[in-house]
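Have a look below at one chain only, the form predicted on its own, in structure tokens format.
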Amino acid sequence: MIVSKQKEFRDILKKIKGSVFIFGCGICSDTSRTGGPKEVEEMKKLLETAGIRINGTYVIDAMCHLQKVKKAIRDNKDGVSLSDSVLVLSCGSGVQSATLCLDNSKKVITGVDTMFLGNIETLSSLKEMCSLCGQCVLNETSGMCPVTLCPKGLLNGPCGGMKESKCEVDENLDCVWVKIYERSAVQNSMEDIKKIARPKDYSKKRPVGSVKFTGSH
């Protein structure tokens, strides 16, 4: 199970532009108490209190499942199309599922920080989308993770070896920083990628021990 913690509400609010559609995750985020039905409803109320219009909410049982995300977007196309931003309460992989399934004009925002992969005590092709760093930068990189999708893990890219939008390490791989730039240009959020990103605090990557969840559904 992917363990996550919810971002500070003020940090989420700063990234929201216009009206919002909220997606939650019914497996990992539900168990972590960060993005299940209860948390999605609580976030909806908080945003409405802050004057944000919510065009709909939907909890997908697995946000990391691309086909289910595509179906959920189709099933909620009216609410999603009316929204300027899509807030996703799931791990970094789920956030990027939404990014991949929406066009470049739709701003995808993460509401949680992905912490680590944990066991719960008592399918043929997989693609790594999240490195579980505990410090999600997806709000600054248009919903795409350079830590994972760049072979060099560059927080400030692209590198000098990028050529014709292809990666220096693997010429068959599209440079993720080019994709981040293209999405940022469409979303008018170039100011985010112009900032120099500071090095990661790797002490946050692998917490010692376990996490106890508080509250109940």
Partner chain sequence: MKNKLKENLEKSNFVYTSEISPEKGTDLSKIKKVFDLLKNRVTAFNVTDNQGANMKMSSLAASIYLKQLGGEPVFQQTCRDRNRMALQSDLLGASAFGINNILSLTGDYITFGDHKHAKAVYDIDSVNLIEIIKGLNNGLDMNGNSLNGKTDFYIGGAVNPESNPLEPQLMKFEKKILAGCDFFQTQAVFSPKNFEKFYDFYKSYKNIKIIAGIFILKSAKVARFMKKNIPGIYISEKVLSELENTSNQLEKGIEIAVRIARNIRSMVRGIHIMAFGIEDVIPDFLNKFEK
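Positions refer to the first chain, counted from 1. Rigid core (definition): largest C-alpha set, two forms, superposition within 1.5 Å. Quick caveat: nothing in here was measured; it's all calculated off a predicted structure.
The form predicted in complex with the partner chain is left out here; the points below concern that form.
The three residues I54, A62 and V86 each lack any heavy atom within 4.5 Å of the partner chain in the predicted bound form. Proximity of E164 to the partner chain in the predicted bound form: non-hydrogen atoms within 4.5 Å are present. The partner chain in the predicted bound form comes within 4.5 Å of a heavy atom belonging to P151. Remark: L13 does not count among the residues lining the partner chain in the predicted bound form, judged by a heavy atom distance of 4.5 Å or less.
Among heavy atoms of Q67, none comes within 4.5 Å of the partner chain in the predicted bound form. Stretch 171-179 is the answer when you ask which of 54-62, 26-34, 40-48, 171-179 has residues with heavy atoms within 4.5 Å of the partner chain in the predicted bound form. In sequence order, Y181, I193, K194, K195, I196, A197, R198, P199 are the residues of 179-199 having a heavy atom within 4.5 Å of the partner chain in the predicted bound form; the partner itself is omitted from this view. A displacement of 2 angstroms or greater separates the C-alpha positions of E140 between this form and the one not shown, with the rigid core held in common. With the core held fixed, S184 shows a CA shift of 2 Å or greater between this form and the one not shown. Taking the rigid core as fixed, one finds a CA shift for C28 smaller than 2 Å between this form and the one not shown. CA of T141 to CA of G26: farther apart by 3 Å or more in the predicted bound form than in the shown form.
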